[in-house]
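Just one chain is shown here, as structure tokens, and it is the form predicted alone.
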């Protein structure tokens, strides 16, 4: 049996666009209020990409920071995985553009589309490839420009989401010296096209004048179902880690930044204080595949990643697909 190579994270990066979209701005666009949004979601503002920026632009900034943090030139990368549902275009993969712009001349690349669970899933793929010895250094980027698929006449969706990117460099634990990959999970219920989806543009509803008129190229969401699903899954994923390692081993929980009320409800169900959680949803909203890596880098900068302690990252979203990533820092 082939020896499994211990895997770690050598570098972390994040980037958010400069432009702010506050709740006060949204009050002028749709029938909503700052009080309504904060009470239900905990979000106060989010970031919007500039007109000239595309998803690979945001990804590139986060990737460069992660490589600098890892003290690794792009030429040493063997693979680039971009977790996104808002790539530069349907194909080729946005990862190929990122690799080219970075100067990752030896790397392959592909995209992974799992919406809010994207970074957590892509990280497990990367860790598996490094652990097997197939690749030495893998860059994972979660990047989204969700503002371009939002219907700003629909207050149920447009208040929730923002743009941003985060990145991590996976390599051998010996090279990384931190962020030991302990495992994770990838699960799904399948289908659920009516709960959280972008209906138009694929083979089910090809782009046409009719699909445009029906506004099928904007995100659609059934809020209450998502709320109940996310609370249940979040609590189950964290409880699974507690059962295996013990609550005292957990240093920080960095969940997908879906909704502050969902996070609070799940922590209450677990009987754990919010002190365990790192949350930045008030400043960025839900950035889908970018949310976990942005928060991971910010938790690192804030000194929340404790040496020897577990970092638990649960994620859940469209599909309905969910899972978690587990590190020991």
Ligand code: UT7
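Positions refer to the first chain, counted from 1. Bear in mind that the values here come from a model prediction, so they are computed numbers and not experimental data.
The protein also exists as the form predicted together with ligand UT7; that form is not presented, and the subsequent description refers to it.
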| query | finding |
| --- | --- |
| Partner-proximal stretch of 95-103, 150-158, 127-135, 246-254 relative to ligand UT7 in the predicted complex, 4.5 angstroms, heavy atom | 150-158 |
| is_contact(residue 85, ligand UT7) in the predicted complex, heavy atom dist at most 4.5 Å | no |
| Contact of residue 275 with ligand UT7 in the predicted complex (heavy atom, 4.5 Å) | no |
| 4.5 Å heavy atom contact, residue 227 to ligand UT7 in the predicted complex | yes |
| Exercise: residue 242 in contact with ligand UT7 in the predicted complex, heavy atom 4.5 Å | no |
| Site check 12, 300 and 309: each within 4.5 Å of ligand UT7 in the predicted complex by heavy atom | no |
| The unique member of 231, 196, 216, 72 whose heavy atoms fall within 4.5 Å of ligand UT7 in the predicted complex | 196 |
| Residue (of 41, 57, 279, 65) lying close to ligand UT7 in the predicted complex, criterion heavy atoms within 4.5 Å | 41 |
| Residues of 254-277 having any heavy atom within 4.5 Å of ligand UT7 in the predicted complex, listed in sequence order | 256, 258, 259, 261, 262 |
